[in-house]
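Below you'll find only one chain, the form predicted alone, shown as structure tokens.
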């Protein structure tokens, strides 16, 4: 089975390109091979490769910059996705795509279900929602996975930013009123391997949208506390213990893009498809932090 992986050098793609070799031949593609901003180049590129599955791990993810670069964000997150979905339909290719909790406004008290009404607060969330709708309207075979707060060993993310700031400062202000959970690329890989194995057999999952997050609940402040604790436990990192963290409200930070206060997603639909319960986020996070700290505290 030939799998075309778009965004193979990103935070998620860097993990998937290695783990998915267990279930098929992975054809890697990044901007140097296929720039999704060039819509007319997508069809000939895919026709040449002839994949059985397209996994789109590429996206415009800079939430703040998207407010000023709405057209570019729309091209990558909507128009390119629309093109990919229509090609997948035409060529009978399975399309796997990743979306975000930012399609919701975060005003719900409980974790969001897949069929809750989306209402994005910012340009990034709107363009990702437009991409979701385009896939659904294309008629292709698809799985859309909504993920939250992706943190792993590759690429840039919140954990690496906190590690860097902790080296430079003794006091950090961290937002404490946004709820969510960090989602590990390792968990995403685990789910995709299960999905593709099922797809190759007679036990296919139902097509559609799935929330892909671990269990539990956290905040950026709770995550930062864990990161500092992990750092302080590393050998010769006693100076980290002197760092103080101050919880602050989202309203105290001036940003161009609004963020949802509730980013929790209900993963019961995914657990039913998998046939087992996912672990608490701390278990995946601990494994990722070991790898991140080994690379960043040498």
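As the structure is a computational prediction, the values presented were derived from the model and not from experiment. Numbering follows the first chain given and starts at 1.
Keep in mind that the form predicted in complex with a small molecule is not shown, yet the notes after this line are about it.
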Choose from 110-118, 203-211, 124-132, 87-95 the stretch whose residues reach within 4.5 Å of the small molecule in the predicted complex, heavy atoms counted. 124-132
The listed residue (35, 232, 69, 250) that reaches within 4.5 Å of the small molecule in the predicted complex by any heavy atom is 35
Report the residue, out of 228, 150, 218, 192, that has at least one non-hydrogen atom within 4.5 angstroms of the small molecule in the predicted complex. 150
With the partner left out here, check for me: in the predicted complex, does some heavy atom of residue 57 sit within 4.5 Å of the small molecule? yes
How about residue 19 - does it come within 4.5 Å of the small molecule in the predicted complex, if we only consider non-hydrogen atoms? no
Residue 31: heavy atom within 4.5 Å of the small molecule in the predicted complex? yes
Proximity of residue 61 to the small molecule in the predicted complex, heavy atoms at 4.5 Å: yes
Counting only heavy atoms and a 4.5 Å cut-off, does the small molecule in the predicted complex sit next to every one of 9, 12 and 99? yes
